[in-house]
Ligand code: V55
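Next up is one chain by itself, shown in structure tokens, the form predicted alone.
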Amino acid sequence: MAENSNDGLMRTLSAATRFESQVLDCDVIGKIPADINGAFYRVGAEWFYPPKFADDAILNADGYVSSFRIRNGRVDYTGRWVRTQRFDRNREAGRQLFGYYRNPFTDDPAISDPQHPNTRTVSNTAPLVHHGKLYTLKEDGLPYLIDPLTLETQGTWDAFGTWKSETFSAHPKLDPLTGEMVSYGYEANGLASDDLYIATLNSQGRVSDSVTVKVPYVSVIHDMALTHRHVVIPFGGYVTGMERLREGKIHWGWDKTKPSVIGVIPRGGSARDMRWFEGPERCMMHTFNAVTEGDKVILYAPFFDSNFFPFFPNVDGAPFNPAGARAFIRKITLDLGKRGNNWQEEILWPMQVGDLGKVDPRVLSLPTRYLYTQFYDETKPIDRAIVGSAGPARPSNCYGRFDLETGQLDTYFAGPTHVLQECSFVPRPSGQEGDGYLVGVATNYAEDRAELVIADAQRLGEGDVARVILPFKISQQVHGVWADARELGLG
């Protein structure tokens, strides 16, 4: 396959670290602000054993969880494998037993119960902190409970027996006003099922309300958005089915003829209250935030034009088109007061961005001014002799603060030999929206190491205030989250 914007990312993701580690009192360049006390948790994927099929998706690799514990200006780093049932079975066998991503029909015959999702999940996508607990998540199974200090795996979690789906989203949303979590599971009642389970969990982590709806077609539902009144469910393009799986194919294919779909349901609503809106071809992975304004739901999301993943083939046999794998910050308006089922879309900035977007968690589900994500700024100096030979073709060299009120873009530049991963927002105590820090890991290709960068979110152009230096590279994260020390009782 020809070089495209995702090739370097896939190479980086596939480069295994393969060791667990702890670095105490990490070297720090600059000074870590005294008001940062907590932990930055990351979850990513890498193969402990090589994949059974060379063309398998990196999404099928084993989960790896890591943390930067920050207090009193000092930092400890820890990284460990997520010890899923799958990881332990492979370790016992000494080889890879599991086949294609989310296709149990391709597993080794030694797997006796391949269709149970908890047998196959690698829990490699996102960390979650709620009701004083830390979890790792992946949308094809249940969460795994993780010790927040040692990162030891403590087993699967089903909301104390109240969760009624075989799967659990990698992207639940936390209501900052009530402490509730809203989450969902798709393919909720079995492989390729059209059941979507949506539930609210109270601040103690138990389901307080739930509903199951039928989706227009079975597709990847990777993320959601939450407002103070509605749950927003976007998906599109990817398709699957039992026939496809029995033929031994990877779980998803891309069908450009399928409409993009966004479901809107009132919080606490019934299945008959679900409203499905349709739009043009889009790969709808991640969201920033959403808000309800009267009869309208406004969604902000960095959706792609078309298929983003080269390893999910087009069902019509066409080759992967990297020109379609472009993400833009979009404002989508869903008008519940009209009878039609089409949405309005506006691209707010003409530049491509990374689709791993964040907002200040204090305004999730509420009116939002600032959006944060990484992107490639072609005007910044990049040492192609170093990054170009080892990193992605379009390296994420900047974090941006996108101001929805003024249209202004404030930029943090990592450096000519650095490639940034997803950022997370660290609120300052008692601050207003946007008052805090951005934290994220940069891979330093010149020094062959990882660095945690910390920048003032209100002064990104001034550069980072501190960098935490590790003496080696660490696995590429998919997602990360900041947790205040009080949330997890870290002291």
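Quick caveat: nothing in here was measured; it's all calculated off a predicted structure. Residue numbers run from 1 along the displayed sequence.
One more form of this protein exists, namely the form predicted in complex with ligand V55; it is left out here, but the text below deals with it.
The contact with ligand V55 in the predicted bound form, taken as any heavy atom within 4.5 Å, belongs to Leu59 out of Cys26, Ala455, Ala442, Leu59. Proximity to ligand V55 in the predicted bound form, defined as a heavy atom within 4.5 Å, holds among Met285, Val239, Val291, Val82 only for Met285. Of the candidate stretches 291-299, 331-339, 161-169, 138-146, only 138-146 has residues whose heavy atoms lie within 4.5 Å of ligand V55 in the predicted bound form. For Ser183, no non-hydrogen atom is located within 4.5 Å of ligand V55 in the predicted bound form, even though that partner is not displayed. Proximity of His222 to ligand V55 in the predicted bound form: non-hydrogen atoms within 4.5 Å are present.
Using a 4.5 Å cutoff between non-hydrogen atoms, Asn307 does not count as a contact of ligand V55 in the predicted bound form. Ligand V55 is not drawn, but in the predicted bound form it has a heavy atom within 4.5 Å of Val478.
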